[in-house]
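The chain below stands alone and is given as structure tokens, in the form predicted alone.
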Amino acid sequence: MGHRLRFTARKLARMVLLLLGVSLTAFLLMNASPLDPLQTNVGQAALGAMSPEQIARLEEYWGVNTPAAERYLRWLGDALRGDFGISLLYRQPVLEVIGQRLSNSLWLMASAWVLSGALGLALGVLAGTRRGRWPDRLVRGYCLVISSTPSFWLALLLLMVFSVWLGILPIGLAVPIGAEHAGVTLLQRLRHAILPALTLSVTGVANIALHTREKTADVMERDYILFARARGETAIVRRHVLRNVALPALTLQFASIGEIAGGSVLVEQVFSYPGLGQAAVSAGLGSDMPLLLGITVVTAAMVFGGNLAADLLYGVIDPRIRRGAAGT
């Protein structure tokens, strides 16, 4: 138990350094943006009609004349105390905006994460156990096509087929148009999340399926598989293959959290889904530095947390790793 606590403590210390580097990189990129926050959010015509005093107040609000180092250190000091500031666009605390948008995005990312992992593992095992035959060629062809297909193009295609042509699914948003938030049912939310979640899950299958296929094919050529076949065993895949492909599949599954979070930015834009990805785009285009830094830190923590969970689950799945870690 002690080695697990030490391992977790080292990982958490690395996470702090990672979040610090991520926030600094995001700030520097945002600070180097050629966008003028006043012209972007107020407009050139409106600025021309304002007095110098009004323009000065706007510049102070957007922090135009504040040195970059002072702005970042001020934000970092507040963030260490749990205060990520006020969103310049939404005029609400950053954590409140992130909480509202993250609750919508979790529907998409969680369902896409589970579906892509389950389908990727199943297709990879199917292709690996039938290497060279038509199921293998079919799965490989599907994965190669999907891996080279942009997520936004697939989202537009699904939107056109199921929403425009067939009319069986809504065209976007998270709730029906004009519906009150309190009156929206769970079924309505799930119906609006089908197409975005399907897009993210389909695009996330290819990587897991191809890697699982290679590992499965390698396991099927081992001597103990030939010995199991000679003994007349019928549960080779369940008893031997799945045990050996579980760890690589688990690694890829938790590593795909970052890919799903990144893909949700484009998918949410296509479906006008009010999630965290759409808020990140709005913050970037609107020069909302506190909101963008908050979203960056939260998403980076989610990705790191997924990798940490994978490392901790290794010892649960494979006792040899647990014993090895205890010995060191």
Partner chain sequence: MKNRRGRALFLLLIAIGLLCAVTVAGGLLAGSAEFADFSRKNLPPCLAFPFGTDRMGRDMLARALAGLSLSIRIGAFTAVISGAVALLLGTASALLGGPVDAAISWVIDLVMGVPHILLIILISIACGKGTFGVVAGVALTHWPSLARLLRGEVLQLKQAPYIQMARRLGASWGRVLWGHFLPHLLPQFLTGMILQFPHAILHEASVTFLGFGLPPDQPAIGVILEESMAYLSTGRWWLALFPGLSLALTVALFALLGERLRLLLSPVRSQE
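Residue numbers count along the first chain shown, from 1. Small disclaimer: the values here were computed from a predicted structure and weren't measured.
In what follows, reference is made to the form predicted together with the partner chain, a form of this protein that is not presented.
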Can you pick the stretch from 94 to 102, 144 to 152, 80 to 88, 185 to 193 whose heavy atoms fall within 4.5 Å of the partner chain in the predicted bound form?
144 to 152
Position in contact with the partner chain when the complex is considered in the predicted bound form, options 156, 236, 118, 247, heavy atoms within 4.5 Å:
156
For this chain shown on its own, do 30, 33 and 285 all sit within 4.5 Å of the partner chain in the predicted bound form, going by heavy atoms?
yes
Although the partner chain is absent from this view, report whether residue 54 comes within 4.5 Å of it in the predicted bound form, heavy atoms only.
no
Consider residue 269 of the chain shown here, and say whether it contacts the partner chain in the predicted bound form, taking contact as heavy atoms within 4.5 Å.
yes
Any chance residue 281 has a heavy atom within 4.5 Å of the partner chain in the predicted bound form?
yes
Partner proximity in the predicted bound form: residue 18 to the partner chain, non-hydrogen atom cutoff 4.5 Å:
yes
